[in-house]
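Given as structure tokens, the chain that follows is alone and in the form predicted alone.
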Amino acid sequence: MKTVDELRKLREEVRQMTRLREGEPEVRIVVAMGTCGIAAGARETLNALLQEIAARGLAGVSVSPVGCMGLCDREPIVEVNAHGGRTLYARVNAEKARRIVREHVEAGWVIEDWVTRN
């Protein structure tokens, strides 16, 4: 960072991401962040979810990191609690995370090809 304006912009981005984790959400997204998930790329998945939600200006959506879900062979795992149901997605990279926000969270369509059963 070289200017005060850049610092202010960063501060606002962090505030927006923090707001996504607070309140009573209509949609709750959970990302498994155990060591197996992190090794498989869950941190990038989490960041992509947060960025896509912020870019689309979606309100009422929370994103929470949690520990291991016990599905290590399917990491990164993303659970979406929305539209009256719970959906578990497997092997979610950043690109898939953005699509989940667009299609499942925003439009209400489950992406069946990525769903895993536990």
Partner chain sequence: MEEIALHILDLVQNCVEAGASEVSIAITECRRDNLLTVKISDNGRGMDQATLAAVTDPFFTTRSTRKVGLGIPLLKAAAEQCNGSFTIESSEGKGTQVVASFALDHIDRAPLGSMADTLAAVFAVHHVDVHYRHEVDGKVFMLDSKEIRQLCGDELMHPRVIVWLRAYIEEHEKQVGGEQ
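Positions refer to the first chain, counted from 1. Heads up, when I say rigid core I mean the largest set of C-alphas that superpose within 1.5 Å between the two forms. In this text the structure is predicted, and so the values were computed from the model without any measurement.
The discussion below concerns the form predicted in complex with the partner chain, not included here.
Using a 4.5 angstroms limit between non-hydrogen atoms, residue 38 touches the partner chain in the predicted complex. When the partner chain is considered in the predicted complex, residue 112 lies well away from it, no heavy atom lying within 4.5 Å. A residue is said to contact a partner when one of its heavy atoms sits within 4.5 Å of a partner heavy atom; residue 72 meets this definition for the partner chain in the predicted complex.
Within this chain, residue 46 lines the site of the partner chain in the predicted complex, having a heavy atom no more than 4.5 Å away. Site residues 8, 14 and 51 are all in contact with the partner chain in the predicted complex, judged by any heavy atom within 4.5 Å. Superposition of the core reveals a Cα shift of 2 Å or more for residue 10 between this form and the one not shown. Relative to this form, the distance between the C-alpha atoms of residue 9 and residue 47 is increased by at least 3 angstroms in the predicted complex. One change in the predicted complex concerns residue 9 and residue 99, whose Cα atoms lie at least 3 Å farther apart than in this form.
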